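Here you get one chain, nothing else, as structure tokens; it is the form predicted on its own.
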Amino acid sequence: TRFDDQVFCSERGVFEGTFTLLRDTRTDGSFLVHHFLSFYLRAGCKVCFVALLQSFSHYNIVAQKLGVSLTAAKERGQLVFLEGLGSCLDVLFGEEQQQQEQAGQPHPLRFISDGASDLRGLFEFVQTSLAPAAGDAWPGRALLLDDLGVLLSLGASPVAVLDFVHYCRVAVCSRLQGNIVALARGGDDSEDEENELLVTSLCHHSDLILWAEGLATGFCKDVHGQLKIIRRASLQPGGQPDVLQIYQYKIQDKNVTFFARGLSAAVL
């Protein structure tokens, strides 16, 4: 089964102004972030990637396996990449932050040094990165956030993160008709109350939820987990029930194979 056909099938096309939430429980759902990043770049979208979890080199190595060069995308102005790991150090030591503020550009992660939960600087970075420019020919726009839980670890409150997501939805999904894809880790057995509050609230406001789960039976070399695809039809006019699809998957070196439960090659 082609993952793109299951997730992106729509009469309105790919660029429809949706907010997609990525979740994971008992497994690592990062493969979904890599898939969306390579998908939007191949589709010719202008992409803003707020990468709070890994370095640029890590994402670039994985992207190259998927047939996309993040370095080339940055050079041609298609990809705007915020490397959270390095930016946090810049803010703490203050050198780059001072240079940016002197140039009239507040640092996206300035809230770390301010000791407040104000994510306005990060939102302004997103807004500026995806703002249409003269001669702009990108067919769509996309914002990727990996992952929102890191903002909590850096001192932001759940309410501040939810406000940030709300403003991003207005700016990207509503005004630009672009898409947002955000990863928020956490399962039903998590003891982090703030993170659970964040994930639960995001679920209620998502148009599409992709929930990667580890197998309840434990490790299997031919089946790495299952993916729930939840289409929030209840948010649309008419109040239809949400649509749930469940697939199992196997992560390979250069792609991910999806199949119906119990229909892996090993079983058949």
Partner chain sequence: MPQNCQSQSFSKLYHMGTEELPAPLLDDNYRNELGEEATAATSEDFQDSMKIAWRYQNLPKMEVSPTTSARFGHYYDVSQTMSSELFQSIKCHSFFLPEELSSQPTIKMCNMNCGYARLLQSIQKIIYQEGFDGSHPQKKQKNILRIGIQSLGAMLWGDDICSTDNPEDSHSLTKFLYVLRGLLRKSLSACLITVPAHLIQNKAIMERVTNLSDVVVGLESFIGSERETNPLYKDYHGLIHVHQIPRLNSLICDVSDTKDLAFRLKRKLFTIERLHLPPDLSDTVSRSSKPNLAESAKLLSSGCGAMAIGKKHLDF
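This is a predicted model, so every value here is computed, not measured. Positions refer to the first chain, counted from 1.
What comes next is about the form predicted in complex with the partner chain, which is not displayed.
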Legend entry - Interface segment, criterion being heavy atoms within 4.5 Å of the partner chain in the predicted complex, picked from 135 to 143, 166 to 174, 79 to 87, 118 to 126: 79 to 87
Inset, instruction - Answer with one of Leu197, Ile112, Leu130, Ala182: the residue that has a non-hydrogen atom within 4.5 Å of the partner chain in the predicted complex. - result: Ile112
Legend entry - Touches the partner chain in the predicted complex: Ser38 (any heavy atom, 4.5 Å): no
Inset, instruction - State yes or no: in the predicted complex, is some non-hydrogen atom of Lys228 no more than 4.5 angstroms from a non-hydrogen atom of the partner chain? - result: no
Legend entry - Contact flag, Arg42 vs the partner chain in the predicted complex, heavy atom cut 4.5 Å: no
Legend entry - Residue contact check: Gln245 to the partner chain in the predicted complex, 4.5 Å heavy atom: no
Inset, instruction - Given the partner chain in the predicted complex, answer whether the residues Ala160, His204 and Ile209 all have a heavy atom inside 4.5 Å of it. - result: no
Inset, instruction - Taking the partner chain as it sits in the predicted complex, which residues of 201 to 237 have a non-hydrogen atom within 4.5 Å of it? Please list them. - result: Gly214, Leu215, Ala216, Thr217, Gly218, Phe219, Lys221
